[in-house]
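One chain follows as structure tokens, the form predicted alone.
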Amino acid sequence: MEVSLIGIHKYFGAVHANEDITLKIPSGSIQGILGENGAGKSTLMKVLSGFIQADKGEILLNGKQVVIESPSDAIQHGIGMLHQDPLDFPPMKVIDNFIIGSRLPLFPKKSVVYREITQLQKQFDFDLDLEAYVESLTVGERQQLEILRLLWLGASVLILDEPTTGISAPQKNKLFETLRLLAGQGKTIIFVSHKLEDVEQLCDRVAVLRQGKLVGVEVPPYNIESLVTLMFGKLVNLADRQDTCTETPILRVEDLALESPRLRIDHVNLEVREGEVIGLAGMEGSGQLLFLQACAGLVRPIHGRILINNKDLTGKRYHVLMKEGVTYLPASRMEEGLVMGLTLNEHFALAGENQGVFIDRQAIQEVTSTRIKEFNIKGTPRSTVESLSGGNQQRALLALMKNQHSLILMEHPTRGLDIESSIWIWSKLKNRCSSGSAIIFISSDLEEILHYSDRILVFFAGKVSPPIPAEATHVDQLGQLIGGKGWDKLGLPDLQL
């Protein structure tokens, strides 16, 4: 299906989020959409998928003008969108999430739905338990659910917003194969991403947005420096590696054993020093999240000890660890990190240490304004958090952190962020390390783990590697370890693959 966006304008108050954007996407092509956070990419895609309406402009499908007033309208026109934060129902089962929103009878034959979804899963090499509750899935698995659901609903135009975030390399490769197959069948794929290597590998052409405007369209062979310059108006380079480690231990994990319904981890030993950054690498569900949550007091160990600042806090809950300087930043910003419907003012009021019974609104306003400026958040104190872009939501989470923390635990700290935002966030985190904080983080981006970590733990099927110095390894070796190969060279027992 050929898609044409003609003269699209969208305002949010005084913000001109999309300014006179005209873009034609041929049928059967894979169109990349690049741009920094807040450039207007998601806004444009939400206009096309019916989540919001343009203030001016037209949408043409196969040369015919259409009016799309809702996501339901969009699906009926064959347009579906996978959002960066999956739109699903966590308290419900996977199978029921497929059925909701479909045009099936009131009492559909689940056996038919099972068969159709199972066939789709095989194309992607996904393995979702259709009877599992969505709240038990990882972020990557929830993205897989959304991809399958849109295809099952009959989308001919598939919009994917950061779809490779949180999934493994093999899953990404399989996804790309499927997208190429779908494009070969005449379906139109719109691929929104900040990962230049993904766009270079997959897309037939790339449109670049900056500050709400379409600033260029590129075709292969791509010049990465040219794309970066179009995105930011300048070249952006990674900062040099910083060594801020001291000899002072912040966290000690001794012979730790953890268990979940899916896997068990045994005999984990680790000492994290002041100023050190530890990266956790592995496929989704390999145990790294379980370990991170245990360090935060969100999961109770079944054996071993967790000591923070030489205090045994094994089995203590998160609010106790918070008093010892531990903070946790989840991957699901809008579900676990921020409160939808509340403004930035209200978030800083909740996060502050108020003295007395009443809130000093003037003081909160001043704190909020200062933090917005300090963390370069594109919003106002009265902005609701859901109105912010993904990058600005992440900046808001960091801004809400208190100044003094011993241990910062993070899930995918730069998930869905552009290069410049990622560099900026890590500069702030490294400043924390210089002040004595230690960091442990999960990332599916091996380059990020290698560049910002001092040491790395690799997880595979509940097995945990000894700490690996980041400067002593490389992407290929980490990729092999994540896939279960090369563990014998680390002095560990052979793994059953």
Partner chain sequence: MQKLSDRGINLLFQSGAILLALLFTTIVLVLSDAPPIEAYRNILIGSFSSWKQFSDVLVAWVPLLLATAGLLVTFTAGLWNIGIEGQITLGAIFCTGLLRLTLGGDVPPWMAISLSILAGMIGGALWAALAGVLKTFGGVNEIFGGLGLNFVATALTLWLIFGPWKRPGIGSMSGTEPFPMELWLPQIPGLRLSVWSILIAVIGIAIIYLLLQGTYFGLKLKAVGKNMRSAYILGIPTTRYMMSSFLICGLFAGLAGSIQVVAVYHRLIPSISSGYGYLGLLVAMLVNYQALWSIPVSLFFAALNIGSIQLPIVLKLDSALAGVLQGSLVLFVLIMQGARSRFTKRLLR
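Model, not experiment: these values are computed from the prediction. Residue numbers count along the first chain shown, from 1.
Note that the form predicted in complex with the partner chain isn't included here; everything after this is about it.
**Q** In terms of non-hydrogen atoms within 4.5 angstroms, which of the given stretches 277-285, 324-332, 210-218, 248-256 touches the partner chain in the predicted bound form?
**A** It is the stretch 324-332.
**Q** Which residue, 336, 177, 312, 366, has a heavy atom that falls within 4.5 Å of the partner chain in the predicted bound form?
**A** Checking each option against the partner chain in the predicted bound form, the one that comes within 4.5 Å is 336.
**Q** With the partner chain left out of view, choose which of 306, 137, 400, 419 has a non-hydrogen atom within 4.5 angstroms of it in the predicted bound form.
**A** Checked against the cut-off, the match is 400.
**Q** Counting only non-hydrogen atoms and a 4.5 angstroms cut-off, does residue 224 reach the partner chain in the predicted bound form?
**A** No, residue 224 stays farther than 4.5 Å from the partner chain in the predicted bound form.
**Q** Is residue 423 close enough to the partner chain in the predicted bound form to count, meaning some heavy atom within 4.5 Å?
**A** The answer is no: residue 423 has no heavy atom within 4.5 Å of the partner chain.
**Q** Contact between residue 349 and the partner chain in the predicted bound form at 4.5 Å, heavy atoms?
**A** Flag for residue 349 set to yes.
**Q** Consider residue 184 of the chain shown here, and say whether it contacts the partner chain in the predicted bound form, taking contact as heavy atoms within 4.5 Å.
**A** Contact check for residue 184: no, nothing within 4.5 Å of the partner chain in the predicted bound form.
**Q** Pick out the residues of 256-294 whose heavy atoms come within 4.5 Å of the partner chain in the predicted bound form.
**A** Contacts from 256-294: just 293.
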